[in-house]
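So this first bit is one chain, no partners, the form predicted alone, shown in structure tokens.
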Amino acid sequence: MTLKSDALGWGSLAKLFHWSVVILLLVQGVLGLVMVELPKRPNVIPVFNFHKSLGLTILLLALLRLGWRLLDRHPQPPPGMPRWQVHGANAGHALLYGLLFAVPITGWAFDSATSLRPLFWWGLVQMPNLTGGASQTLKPIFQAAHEWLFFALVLVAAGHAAVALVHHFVNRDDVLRRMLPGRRAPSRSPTES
């Protein structure tokens, strides 16, 4: 298992970022949908704080993942993959990254506009207020943006997963396999060098 990616597969660090974000997004999505149905009482504040800290963690991981992706080599598309699919994959990844940033940032901005209490990341680091204090004008805008962007992220991520499954079961190529944890990229035969 190598840290860096190569022409045939993703490296272990890219896989770690990918699957960590996937797992945290699944937890965060379920938590977000459940917590908005909870009665507004002081005993639910820890649930909301956990949701906010998890969102900031996803934002940090997305930043680290994007930074690593800019430095790390990308695997080549499978042989024979049409150019329109390559462009579609690139556009889909760009949209996913944009949403991975937009959803937590709008949540943070919503919390800032609400200004019920200071925002602490895991109770350790006080985060700056993005709106300069409470704002009844910005609060509903950021709340709606956060919710709509979340549902957009769900749709785009589901599409991403569906395309990976099509590559695996229909096209029978290595697109999904090379992102699976513990999998090594297939080695090239001497004639492919």
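Predicted, not measured: the structure shown is a model, and the values here were computed from it. The first residue of the shown sequence is 1; numbering continues from there.
One more form of this protein, predicted together with a small molecule, exists but is not displayed; see below.
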Checklist entry - Should L119 be counted as a contact of the small molecule in the model of the complex, where contact means heavy atoms within 4.5 Å? => result yes
Checklist entry - Taking heavy atoms only, is V125 within 4.5 angstroms of the small molecule in the model of the complex? => result no
Checklist entry - Does the 4.5 Å heavy atom contact test between H18 and the small molecule in the model of the complex come out positive? => result yes
Checklist entry - Is L61 close enough to touch the small molecule in the model of the complex, meaning at least one heavy atom pair within 4.5 Å? => result no
Checklist entry - Within 4.5 Å of the small molecule in the model of the complex, heavy atoms considered, which of L155, I45, I141, M35? => result M35
